[in-house]
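Just the one chain here, the form predicted alone, laid out as C-alpha cells.
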C-alpha cells in the first residue's frame, strides 16, 4: 500500500526513483518509498480524466455512501492511523487522534452537504423566457497539501472535491505521506472506483509543473507557503488553471486589560504550541495591553516552562519535534536574529541535546514591529510578546503584516470585541477562543494568505461550476 496509487493500482515510480521517510523524533528511516515525477503525474491525470466521465454522473447520494463508509473506517482504525501520524510527523498522540477524528468528520459532513448543492430559478423579464442556475462538478482536480496536518489538510480538499463529483490527482507532502496512504485506503475499501483518486508522492517541482501544464487538470488546491502559492499563480496562466490557495499566516492575538490573566495565560501556553507552532492559523504575535503586560508575561512564562517536550508516543508530552532538521534550524536562526535585535528570552529556546528535531518552547520579550518575529511566519515554538496602548494602537499593529489568515481577540467588553473583529484585516477572527475554525465553517485568508475557501458549504462550491440555463421562445 505504501506506493503510488494510479488508476486503481499501487505502483512504483516510472523512473524508479525513491525517497527515504525520516522519523523527526528519532532521525531514523521509517521506510523507502517510490518518488513520482512529471511522467507519473501525466498518467495519473489521464486516469482521472477518464474516470470523471462516470464519476461525475453519479448522484450525490451514491457518492455519500462511499464517503460515509470511509469516515467510519477511519473511526474504526483511529489508534493505528494516529500511530502512523505520530511516527511521520512527531506530534503528540492525543493531537494525532484528534486530527483523524476531524478528518472522518469532514468526509461525513461533505457526504451530506453535496445533497444540498441547490440551484435556483430566476424570474425573468419576458413571458416567453425561463432561466435557472445549476451547479456541476468542475473536472479533474490537483490537490497539493502540507505536512503540518497530514490527514486534515488532504481530507478537507478530497472530501469536498469527491462529494462535488470531481476526480483527483493528489500530492501529499513527501515528509508525511503515511496519513495520505491511510486516507486513500479508507476510500478504496469503501468502494471508490479506480481512477477517481490518484495519489503521488515525490518531486514537488515536476509534479506541480505537469499539473500546471496539463489542460485536462482544471484546478489546483494548494496548502502551503506563500512563496510557492505565488509560483502557482504565475504558472496557472498557461492553461487558465483555477486555484484555491491556503497559504501562510502571522496571526495576531490582542489581549486586553480586562481579561482573566491566569486563565488566558494558561490557555495561551497550550494554544500557541499546538503542533509545535507549526499551524498556519497559530496564534503568533501576542499583543498585550500595557496595564497587564508584566503580570501576563510572568504567568505565561510559568506555564510555558512546564510544557513537556519529547516523542509523541511518550505519556504527558505536550510538544513534539519540528518536522525536519531544516525547519528546526530555521526556527533557531530566527531566534538568534531576534536576539541580535535586543529580544530577551524569558524561558526556552534551546535545542534539546538528544536525537530528534526538538526545541524547547520559548517566550520572548523586548520586541517591536521591526522585529523578525513580527515580520515573519515563525512556524515553530517561539512566542513573542508585544505591548499596546488602547484599541487603535492594537489594531494598527495587528494589521501591520502582509498576511491575513487568522486573528484573535480576548476581552470581556462587547464593544471592544465587535470593533476589533470588524477592523481586523483577516479572513478568520476568533473572539475569546483559540479554535475559530470548524468543519461547517468557511476557512480562508485575505491578502497574501490565499484565495478561495475550504470547509463549510463554500468548500464544496470551490469544486463546482455554475451554469445558467436560459430557455426562450416559450408560449407567452
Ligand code: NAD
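Remember, predicted model here, so these are calculated numbers, not experimental data. Positions refer to the first chain, counted from 1.
Absent from the display: the form predicted together with this ligand. The rest refers to it.
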Handout entry: Exercise: residue 283 in contact with this ligand in the predicted bound form, heavy atom 4.5 Å
Key = no
Handout entry: Contact label in the predicted bound form: residue 379 to this ligand, heavy atom within 4.5 Å
Key = yes
Problem - 4.5 Å heavy atom contact, residue 358 to this ligand in the predicted bound form - result: no
Practice task
May I ask you to state whether residue 426 is within 4.5 Å of this ligand in the predicted bound form, using heavy atom distances?
Solution key: no
Fill in the blank from the handout: Partner contact check in the predicted bound form: of 102-110, 137-145, 349-357, 365-373, the stretch with a heavy atom within 4.5 Å of this ligand is 137-145
Exercise for the section: Note which of 340, 80, 231, 133 lies within 4.5 Å of this ligand in the predicted bound form, where distance is taken over heavy atoms; exactly one does. Expected result: 231
Completion exercise
Of 322, 398, 180, 405, the only residue with a heavy atom within 4.5 Å of this ligand in the predicted bound form is 405
Handout entry: Sequence-ordered list of residues in 151-176 near this ligand in the predicted bound form, where near means a heavy atom within 4.5 Å
Key = 153, 156, 171, 172, 173, 174
